[in-house]
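A single chain comes next, written as structure tokens; it is the form predicted on its own.
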């Protein structure tokens, strides 16, 4: 018991370092979330244009990102790209990796949301004389967003959790702080229990938002 209290005291002393690591996790996740959302929406809407060449390239991109481990993607950006002359810091490499990783999944979410809109809506908008951009902006996307939002928020939660992988390339996020700390406090359950709790604190509000959006979507669907 006295040893456990000793470890707890040292863990409390190390808590400021965990907060710094948590800030790094939020920073890299937040930036990747914003960029990944922009990329994913652009790619998802581009797939809806049904341009064959563009569709093939996006298909290849999405399938590669979804079909390979995220850890491998991080290694490619951090270790392989420098051989081609593109040198990135650990933070930038982590952000680029997470952005393209998230963009692929968000592309599928957006594409699925657009496909869920009845085809008659596009035909009616086209008959009204609207351009393709106007049809997407004023008719299709407002309806598609009802389907897109719940899984999109869920994807944000997955992005934050997957960001723990970037600790392997030297990003001092909360997971890496945990690995450093467990070398000084050999009580893994206590250390990584705290790491898990900090991830939960960040992710739980998004989980609640995602659940609320899904509930609202089901309610609206039943009301139709």
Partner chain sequence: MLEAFNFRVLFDYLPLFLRGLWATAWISAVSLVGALVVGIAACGGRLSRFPMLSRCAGAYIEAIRSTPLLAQIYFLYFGLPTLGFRLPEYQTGILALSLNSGAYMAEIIRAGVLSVSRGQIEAGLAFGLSYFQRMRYIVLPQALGITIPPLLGQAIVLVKDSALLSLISVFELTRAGQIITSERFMPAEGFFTTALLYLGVYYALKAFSSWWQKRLIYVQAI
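These numbers were taken from a predicted model, which means no experiment stands behind them. Residue numbers count along the first chain shown, from 1.
Here the subject shifts to the form predicted in complex with the partner chain, a form of this protein not shown in this document.
- In the model of the complex, the partner chain lies farther than 4.5 Å from every heavy atom of residue 133.
- At least one heavy atom of residue 195 is located within 4.5 Å of the partner chain in the model of the complex.
- Contact check for residue 83: a non-hydrogen atom falls within 4.5 Å of the partner chain in the model of the complex.
- Within 4.5 Å of any heavy atom of the partner chain in the model of the complex lies no heavy atom of residue 127.
- Taken together, the three residues 45, 56 and 140 all stay farther than 4.5 Å from the partner chain in the model of the complex, as judged by their closest heavy atom.
- Stretch 68 to 76 is the answer when you ask which of 144 to 152, 68 to 76, 111 to 119, 87 to 95 has residues with heavy atoms within 4.5 Å of the partner chain in the model of the complex.
- Think of it this way: in the model of the complex, the partner chain has a heavy atom of just one of 11, 203, 213, 24 within 4.5 Å, and the residue is 203.
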